[in-house]
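You are given structure tokens for the same protein chain in two forms, set apart as structure 1 and structure 2.
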Structure 1
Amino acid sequence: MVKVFLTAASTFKVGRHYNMGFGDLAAEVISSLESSVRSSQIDAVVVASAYPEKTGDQVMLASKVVTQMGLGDRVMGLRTEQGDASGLVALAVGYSLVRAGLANNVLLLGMEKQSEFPSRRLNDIVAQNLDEVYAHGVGLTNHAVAAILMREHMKRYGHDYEYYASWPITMHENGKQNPHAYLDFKVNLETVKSAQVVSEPLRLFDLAPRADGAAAVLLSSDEFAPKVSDSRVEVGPVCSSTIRVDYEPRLLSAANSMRYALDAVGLSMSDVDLFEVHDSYSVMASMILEETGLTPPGRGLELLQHIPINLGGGLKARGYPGGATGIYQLAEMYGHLTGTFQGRKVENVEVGLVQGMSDLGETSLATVLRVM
């Protein structure tokens, strides 16, 4: 059976790139992978992007990348869209192509533009995540749904607001050291507690800042991987779980996807050296970490004291580039596993768990990256 390796990665600083369109972002990250792209024959490009129709009046992003970058007329272009989970869905597609022997090298490219409009317009675009018939039309927003989940989490576990503040404080400490982080500054408890209320009890620092971004990773079959890279980072099966939000303060989709991904490679939670999780909101980070079983129910954020998590600053501080997020997560984890990450590091990372999901966690995906 063909094995799948991650052989190269590139990220571009998340931010407000008013002077860059999709083509500029693609050129930026693919050009920095030029030597890897040259030494491999790319068979497919999978673009992960959630909202380009609304934010940029664009479709056919993958085909445009293939022609703009001159990747060759045999290269197949595809795009994945599952909201903010699009990045890891792109991994699932690329992984499947390589594993099935249909492609030797697949480029995954995450791209999102979210800084073009004022926040009320962006809130409207992101609300496309909500159901078509009722919730979207009545004017609900993702933030309000997350606020209800936070309120339920607080009630269930008796937390006050300060419990959640540990997340942005730690993520900003991490982000400060990451050159590709959007919010590369520290914050203290007072700043977090007194920040603007978005949707009670959610305040500004409890949600991840949406911005522009692009990242790319290259997948290669075991036969081709040595031609591209000396590193040996194997990608495990990409596992997914999808469950309707029922407003209970749990994230069963995250629980399932992480467990399936570890089971698929015969490992357990305690084998994981580094976690990368989809912290669209602080309460989501808490709930995801609770689902690892490494902490008592309701106390997920206490894991920050014990295990390395989101060393690049997570969505909170690195920034939240929508459907491109999963590709950033993979690229950063690749950096940790190969010792090339330009930011906060830990020693001896050999097993990394990457978990990514839609904004509110209806669908979650996970995979294990390992140094072989």
Structure 2
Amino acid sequence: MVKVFLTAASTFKVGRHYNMGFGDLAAEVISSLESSVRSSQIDAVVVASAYPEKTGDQVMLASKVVTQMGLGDRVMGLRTEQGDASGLVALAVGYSLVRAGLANNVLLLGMEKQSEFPSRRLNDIVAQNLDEVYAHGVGLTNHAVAAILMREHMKRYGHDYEYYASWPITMHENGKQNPHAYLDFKVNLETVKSAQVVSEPLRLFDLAPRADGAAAVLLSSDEFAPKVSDSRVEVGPVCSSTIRVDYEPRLLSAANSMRYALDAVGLSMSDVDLFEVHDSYSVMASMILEETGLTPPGRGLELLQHIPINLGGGLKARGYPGGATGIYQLAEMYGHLTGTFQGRKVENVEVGLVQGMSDLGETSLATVLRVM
């Protein structure tokens, strides 16, 4: 059976890139990635992007990338859309193409443009992720649902607001060292506690900031990987779980996807050296970490004191580029496993778990990257 390796990665600083279109963003990361490999013969391009029809009046992004970058008429162009989980869905598609022997090298490209509108308009677009009848249909927004979950979490586990403040404080410390982070500054407890209320009890620093961005990673078969780079990062099966949000302060989809991914490679949570998790809100980060089983229920953020998590600043500080998020997570984990990450580092990382999901976790995906 063909094995799949991650052989190169490139990221572009998340931010408000008003002067750049999708083509400009793609050119930045593809050119950077090509300069880091010995061979860049690509068989397929899978673009992860959630909202281009709404935010950029654009469709057929994959075909445009293939032609604009001169990749060749035989290169297959595909696009995935599963809201903010689109990045790891692209990984599932690319992994399947290589694993099945249908492609030797697959480029995964995450792109999103979210800065062209006022927050109110963007919130309306993102709210289309919610249930058609019982949430979006009655005017709820993602922030309002996250606030309900945070209130339920506080009530069940007896937390005050300061418990959640540890997440943005730590993520901003990590992001300060990441040259590709959007919010690359530190914050303290007083700043977080006194920030604007978005939807009680949710405050401004509990939200991951949506912005523009692009990232790329290259998947290669075990036969072609040595021709591309010296990378020994093997990609495990991409596992998913989809469960409807029921306003209980748990994330069973995250629990399932992470457990399935570890089971698929014969490992357990205690074998993981580094986690990359989808911290769309502080309370979501806490619930994801609780689902690892490495901490008692309701105390997920205490893991920050014991295990490396989101060393690039996570969605909170690196920034939240919508459907491109999962590709950023993969690129950053690749950097840690190959010792090439430009921000905060840890030594002796050989097993990394990447968990991504839709904004509120209806769909979660996970995979394990290992140095072999």
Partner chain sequence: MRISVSRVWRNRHVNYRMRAATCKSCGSITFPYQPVCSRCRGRNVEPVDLRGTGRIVSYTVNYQYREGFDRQAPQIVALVELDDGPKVLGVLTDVEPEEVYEGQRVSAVLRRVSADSYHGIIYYALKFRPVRDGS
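Fair warning: this is a prediction, and the values are worked out from it, not measured in the lab. C-alpha atoms forming the largest set that superposes within 1.5 Å between two forms make up the rigid core. One-based numbering along structure 1's sequence throughout.
Between the pair I just shared, point out the form predicted together with the partner chain. Structure 1 is the matching one, since it is the form predicted together with the partner chain.
Rigid core fit then Lys345 CA moved by 2 Å or more between the two structures: No, its C-alpha moves less than 2 Å.
Under a superposition restricted to the rigid core, does Ser36 display a Cα displacement of 2 angstroms or more between the two structures? It does shift by 2 Å or more.
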